[in-house]
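The form predicted on its own is given below as one chain in structure tokens.
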């Protein structure tokens, strides 16, 4: 059969869960629904290696062959998210350890330690065998590493001795000596000074630990999963011809930009409802630029989500809007989770295309209509792509963790604040933008917006920013930006690392926005309040765009504009900076 071409339309299919003779009926329904790709095998380790070293891929070859005969492509998933029971029993050191010292039990998923050398060896073997079986098979469209890589094990991730030692060694490699770490973290407060790296603990969630330690630990956890994915990517790239990706979730605790250094596809899962579907604009504007590759929605819902309970019934039209969104934003695949509802296990109540009895759900009409509309638009979709945006908005995994341990007020959540206070208002004006990691190149952007970006030193951003501004870029910065070091500490020479120096302004006062807000008046006479945090500036020659009118801050600048970097010191440039640390 001819291989499918974009736009790809399909679902997650679990043939290991169903009688072998049922596949023909499933494929008949797939073709009737207009689907051309299925994602399989990401949870099927116990079927591929039922006993250690005893492999069985015959059933998987059968499924791939059947799908290919029907013109349905395959996205193949190495099953490293769900190790079989023999690993948990024979090698308990592979299983995630909670912070209280207990191990997670077998029977869930994402429950293996990403740093366990024993588990890494088992993963290497199963991925290698899969690559040897299918790596040169042109019926396989792509690979999906693992499933929804994210930090597991509760609030602190895996706390096993292997992770602990590796964390300590990563700090040794970073700082060199314990004295340098103590100085960087300021551990003399509360007598927290360490005498050796071996004394550095795992920061437990019930202890009021030093935020530098907490932030470092969680970023180490993120880096551990990046390494885990890269190991599998290296194996697949050495033995396969197909593109490789890993499906992500709309969270910020994993450094997705780092994770895609060795990946060929950006794969992404989401389950927002209609009132919050706008949040997926944010994420698709992010994943589109994670690497120079197409993005695929590898999981989304047809009609509702749910695991233990069915949740979030969707009104008619949702499936259509939700499924066209990635195509409108530059994606080339939309896959549902799942094809046929499981008949057993933890997710019996989840929405799907077919019920567990094999009957199409009420949404089948929209699914079929989508397949037809994708086909009609295929030439246009395959010969065009979204125009390159000239505006970028910063989003940072490092900031995600810093704000978790240094929240600005009760209920503060970095992602919610960034999306609702900054991204959504800008998008509602019709402004299109890329959402970018601080490590991403600024080439091609004319305007950069950097709110809630405490540290400017990720990927040497500070130096790259200065060059970009001096070359003519416009930087809109704040609130709560440039006020922390990479070690999650404050600066002592200024509230900011470089903003006062670059703009010439002086931050006279800093006020928290809890429990009240402060009012500013704009140049046209309109008034508005800010929120969360306020910095009040003496402009010192900078243009004042808004001024406080509350008695505590009356007459001080709330938002300023500088037309060059360091103009107060005579170093001129053509760039512009706007600093505003109070606006909604």
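What you see is a predicted model; the values in this text were computed from it and never measured. Numbering follows the first chain given and starts at 1.
Omitted from view is the form predicted in complex with another copy of the chain, to which the following refers.
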Output flag, 204, 349 and 410 jointly within 4.5 Å of another copy of the chain in the predicted complex, heavy atom basis:
yes
Using 4.5 Å between non-hydrogen atoms, is residue 208 touching another copy of the chain in the predicted complex?
yes
So in the predicted complex, does any heavy atom of residue 490 sit within 4.5 Å of another copy of the chain?
yes
Another copy of the chain contact at residue 44 in the predicted complex, heavy atom, 4.5 Å
yes
Although another copy of the chain is absent from this view, report whether residue 108 comes within 4.5 Å of it in the predicted complex, heavy atoms only.
yes
Which of 176-184, 282-290, 388-396, 229-237 sits within 4.5 Å of another copy of the chain in the predicted complex, heavy atom basis
176-184
Which of these residues, 498, 310, 118, 274, gets a heavy atom within 4.5 Å of another copy of the chain in the predicted complex?
310
Could you check which residue among 429, 372, 199, 383 gets a heavy atom within 4.5 Å of another copy of the chain in the predicted complex?
199
Taking heavy atoms and a 4.5 Å limit, what residues of 78-109 are near another copy of the chain in the predicted complex?
82, 83, 84, 85, 86, 89, 98, 100, 102, 104, 105, 106, 107, 108, 109
